[in-house]
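Starting off, we have a lone chain in the form predicted alone, written out as structure tokens.
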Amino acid sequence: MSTALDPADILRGIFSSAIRDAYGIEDADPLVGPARNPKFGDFQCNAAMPLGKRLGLPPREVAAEIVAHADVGSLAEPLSSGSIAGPGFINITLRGDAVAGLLTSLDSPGLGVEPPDSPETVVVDLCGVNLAKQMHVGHLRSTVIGDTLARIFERLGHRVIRQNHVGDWGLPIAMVTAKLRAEAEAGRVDLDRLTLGDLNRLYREAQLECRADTKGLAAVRRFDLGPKAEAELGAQVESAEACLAEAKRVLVRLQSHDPEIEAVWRRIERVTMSVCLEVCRRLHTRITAEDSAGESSYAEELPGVIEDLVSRGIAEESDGALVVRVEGIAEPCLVRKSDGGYLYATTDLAAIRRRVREFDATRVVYCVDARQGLHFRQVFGVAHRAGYDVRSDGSLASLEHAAFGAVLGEDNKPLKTRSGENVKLEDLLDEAVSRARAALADRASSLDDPDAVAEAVGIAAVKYADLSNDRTRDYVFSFDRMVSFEGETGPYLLYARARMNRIFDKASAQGIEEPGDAAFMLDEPEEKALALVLLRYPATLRAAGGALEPHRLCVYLYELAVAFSRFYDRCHVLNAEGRVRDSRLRLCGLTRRVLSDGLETLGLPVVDRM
């Protein structure tokens, strides 16, 4: 069980108890927050006014009763009638020694984050690439948000299983497999030198070759546009239908594990995933080959899922297809097409069943585009009806869609190239690094490895810009803003950490050792303000994980960096003397540890010098 270190959390508990003892009310929000004017205290309780309205009593009378029952102990200065201001605000001033004591508790190996009594098993569905296709900007959020949520759960002490749900099965993959096989046999493609660029091209070509223009042919015949037009379109339709028929034959052979076809498919898989994993590595994620869970891995389970849903009367026939009705959703969930084909929903149901029954997941989190909201409501509803969310101990696993918005260009439209195509993720990262290198140009001569620094700054800029936005909202992608060393950006946080490192470099040069157990002395307002931000760290991590909101941690780290900057600008560190210097050095060291831990949890690369 975690011990509260944030004075705000402790005070909320104190004032909730005071309200309960004074009026017998259990559900009142104590409304404890930072004081609006620091000269009146550090925090204030604003519960008296809404309680006064609820009880039909004057707010100041309610405030006086709360003060009489609030035992702040040694955490704050004693409360009295003088603590009540205006219409019933209760001002609270923390004791410096109490804050120092809490800060000492935070300065532990775990930084106040204690392992849970009962760790959960959290499965995070993330990335979601497709074979034979380049990763594009649309994969940025599913990869970055998913990995960061996984990191947060790991930091909180839970067991995490990442699942890169790869689109590697079905007719589209069979189309490109058939195309690649034909091109290789014709000598136009060397399988040993195959690139993802080749596959991306072949994928598009295969899609076009299998697309019969039956509507165009029908129009030619309807309007009697002549034998030449009919012959041309007839030939196109015939060719497309032949290509599609061949792709379907290849799919059957692939599903039957035909060695020849499977060898070509494996080549496509290796080329695609090698590039995908390299991008994931460059993005500083923990996604590895072992985390891949392609749709192909569920292929043999799909008939069993359908048989189970039918035998228990959960699925029903509708125009030859099979559907499952979900309470509260008008549109039923289609689980098998009329031609016997399976759908994404079928695969997702098999995945939920495996993740809950085999992995024993307590929580399954899907980091997928918000546009898939209806799909996941349907799938989660079907899984619940079928009992696929029931764990071995009888408890229910939590199925959650961590939906995210789109990445927009400066024109507030989905980010695209000038030709209208999705921006390749590698190209986007290259551009970010290039701009970071330009921003670092005046510092490059003093850096040991300017290219490595530019790479870290560029990647941190992209990731922080994505993570710092509320994940449910669209955001505008701006290179100029995100690579800035000022404001709420990734480079600013990296610079703040490097600035802390310089303090200890200078201390070492002066023969000053780090004071491991020096007493914290928080006499200056900036020292106390920095301490109060530091004490919020464990609660911020728990809140970010609980709400699936990485931006909470981003906002916190920015506020920490700003608080440190104010402290450093107004409080001498190395020029101070004796106990004051030791206290401030320890405060700097603790701030650096928290910032570094937070950056690692977000998955932002760091550099020691900038």
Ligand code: ARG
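All of these numbers come straight from a predicted model, not from anything done at the bench. Residue numbers here begin at 1 and follow the sequence given.
What follows is about the form predicted in complex with the named molecule, which we do not show.
message: Since only the chain is shown here, I'm wondering whether Leu199 would be in contact with the named molecule in the model of the complex (any heavy atom pair within 4.5 Å).
response: Contact check for Leu199: no, nothing within 4.5 Å of the named molecule in the model of the complex.
- prompt: Would Gly128 count as touching the named molecule in the model of the complex under a 4.5 Å heavy atom rule?
  reply: Result yes; Gly128 sits at the interface with the named molecule in the model of the complex.
message: With a cut-off of 4.5 Å between heavy atoms, is Gly294 one of the residues that contacts the named molecule in the model of the complex?
response: No - in the model of the complex, heavy atoms of Gly294 and the named molecule never come within 4.5 Å of each other.
query: Taking heavy atoms and a 4.5 Å cut-off, does Arg141 contact the named molecule in the model of the complex?
result: No - in the model of the complex, heavy atoms of Arg141 and the named molecule never come within 4.5 Å of each other.
task: Select from the listed residues Tyr366, Trp265, Tyr537, Tyr388 the one whose heavy atoms reach within 4.5 Å of the named molecule in the model of the complex.
output: None of the other options qualify; the answer is Tyr366.
- prompt: Here the chain is shown alone; which of Phe504, Phe485, Tyr475, Phe376 has a heavy atom within 4.5 Å of the named molecule in the model of the complex?
  reply: Comparing distances to the named molecule in the model of the complex, the residue within 4.5 Å is Phe376.
Stretch in contact, per heavy atom within 4.5 angstroms of the named molecule in the model of the complex, of 388-396, 85-93, 164-172, 526-534: In the other structure, the partner sits against 164-172.
task: Give, in sequence order, every residue of 318-351 that has a heavy atom within 4.5 Å of the named molecule in the model of the complex, or say none if there are no such residues.
output: Result: Tyr344, Asp348.
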